[in-house]
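Just one chain follows, in the form predicted on its own, and it is written as structure tokens.
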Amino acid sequence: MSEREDSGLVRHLGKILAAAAAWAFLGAMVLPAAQAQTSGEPVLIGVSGPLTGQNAQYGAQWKKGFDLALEEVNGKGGIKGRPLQYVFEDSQADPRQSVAIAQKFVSDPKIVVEVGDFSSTASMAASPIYQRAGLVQFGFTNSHPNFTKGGDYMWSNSISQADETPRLAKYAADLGLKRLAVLYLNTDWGRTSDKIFIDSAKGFGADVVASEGYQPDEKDFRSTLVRVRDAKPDGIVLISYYADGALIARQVRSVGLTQPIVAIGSVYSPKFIELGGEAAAGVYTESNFFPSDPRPEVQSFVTKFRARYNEEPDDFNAVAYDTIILLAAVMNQYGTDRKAIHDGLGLIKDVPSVIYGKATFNPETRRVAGAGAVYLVVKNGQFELWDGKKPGS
């Protein structure tokens, strides 16, 4: 190697080292206050939920809510000075995967509480494992009424189907719909919701003239929709997630059905509008959260979320945020071992909450009560508050 080459190499290495030092300095500068104010062994939450597959959007929404809450919690000193973190395992909302993840989490003593899975079906498949191990399974999107009946280590701040589904039936009635056709996801969650909806609709003076289940991986709904069309409904109800709900909405119009569509709150996601395209326009749904809600706790959360992500939050962002804030409060007040978290959930009161205002558990049902509700409709490519007008008026 010539002297010139050797000199050039030295200069090149010098630039690399200088750049590395600069990046290290910048990394230290942008290190969140969250980490700067905490030290020691992190307190770990295990998360079981979808990061890939057809429900991946929900996992992405969770992470944004989690991360915003962690920044806040750790910025205030974490859990007794220790950083709060989570380990997210991708289940694809598949019961087989959620069971494997449960076995992994319960055998890891560093995991002090588990949150998830996304669907009640996936969560309930894993519940016996968490119950036997004495590890709280916090199903924050698990609305199935039987989820918390799986044992005293099953807790939830999700709205139960027993409360949400009658609200959907009332919305359909408020829209003036009397003959309803229901398409429901043929899972335990979907079948339970369908039954509750049918019973509730009668109480609001409506009849369910068709009730059709479909499989989670189903893509072609045309034969089902022909049967729906033949039942002559004046409204179509979807008990679906955003991906299958959007696909059904598109195919509903393709077979000549023009009736209003009313969908359960699980479709409340920007992805529903993106996937549904023009067919999503005019779809009615309901939610426990909406960014324009004037309540101070909602507006505080919305302001922080917009500042971090430059977008509007939705229900799943909000409940994920709430969950971390709640669990952090329990751990700071009652301790970080598995039994202390279990006991603390039954004792904690009035934790600040975006969804509830203040969250307190009923120790018998292990659920929080008192969430508000808003009626929404898709207009101008976005969810908007329902103006009270009936379809066609």
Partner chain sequence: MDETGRGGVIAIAAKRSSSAPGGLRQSARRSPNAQSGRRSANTMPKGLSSVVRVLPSDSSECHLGSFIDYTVNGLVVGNIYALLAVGLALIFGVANLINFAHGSVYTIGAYIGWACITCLHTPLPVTMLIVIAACGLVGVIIERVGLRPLQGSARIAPLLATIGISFVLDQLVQLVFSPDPRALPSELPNWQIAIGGGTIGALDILIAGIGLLSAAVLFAFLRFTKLGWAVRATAQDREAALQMGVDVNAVNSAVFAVASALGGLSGLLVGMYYNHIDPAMSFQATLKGVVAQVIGGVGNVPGAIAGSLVLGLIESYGIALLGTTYRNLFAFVLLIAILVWRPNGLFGGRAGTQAEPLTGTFIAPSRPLRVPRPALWMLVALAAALPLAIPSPYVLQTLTNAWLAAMLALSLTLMAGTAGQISLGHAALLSIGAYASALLALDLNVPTLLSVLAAGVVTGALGTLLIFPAFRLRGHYIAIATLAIGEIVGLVILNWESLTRGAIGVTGIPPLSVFGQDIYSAQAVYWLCLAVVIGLALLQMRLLGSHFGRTLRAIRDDDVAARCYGISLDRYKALAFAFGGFGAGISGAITAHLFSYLNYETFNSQVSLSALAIVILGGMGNVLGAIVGAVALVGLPEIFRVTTEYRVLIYGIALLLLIRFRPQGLLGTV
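Since the structure is predicted, the reported quantities are computational estimates derived from the model, not experimental observations. Positions refer to the first chain, counted from 1.
Another form exists, predicted together with its partner chain; not displayed. Remarks below refer to it.
Which one, 300 to 308, 68 to 76, 135 to 143, 116 to 124, holds residues whose non-hydrogen atoms are within 4.5 Å of its partner chain in the model of the complex?
Heavy-atom contact with the partner occurs in 116 to 124.
Going by a heavy atom distance of 4.5 Å, is N186 a contact of its partner chain in the model of the complex?
Heavy-atom contact with its partner chain at 4.5 Å: present for N186.
Verify the contact flag for G53: yes if a non-hydrogen atom of it lies within 4.5 Å of a non-hydrogen atom of its partner chain in the model of the complex, no if not.
Answer yes; at least one heavy atom of G53 falls within 4.5 Å of its partner chain in the model of the complex.
Taking its partner chain as it sits in the model of the complex, is G203 in contact with it (heavy atom to heavy atom, 4.5 Å or less)?
G203: no contact with its partner chain in the model of the complex.
P95: heavy atom within 4.5 Å of its partner chain in the model of the complex?
Contact check for P95: yes, within 4.5 Å of its partner chain in the model of the complex.
Just to confirm, with a 4.5 Å cut-off on non-hydrogen atoms, which of K80, K110, R191, R295 contacts its partner chain in the model of the complex?
The residue in contact is R191.
So which of P166, P233, P291, G265 gets a non-hydrogen atom within 4.5 Å of its partner chain in the model of the complex?
Looking at P166, P233, P291, G265 one by one, just P233 meets the 4.5 Å heavy-atom criterion.
Go through 98 to 130 residue by residue and record those having a heavy atom within 4.5 Å of its partner chain in the model of the complex; state none if no residue qualifies.
Going through 98 to 130 in order - heavy atoms within 4.5 Å of its partner chain in the model of the complex - the hits are V99, A100, I101, Q103, K104, S107, S120, T121, M124, A125, P128, I129.
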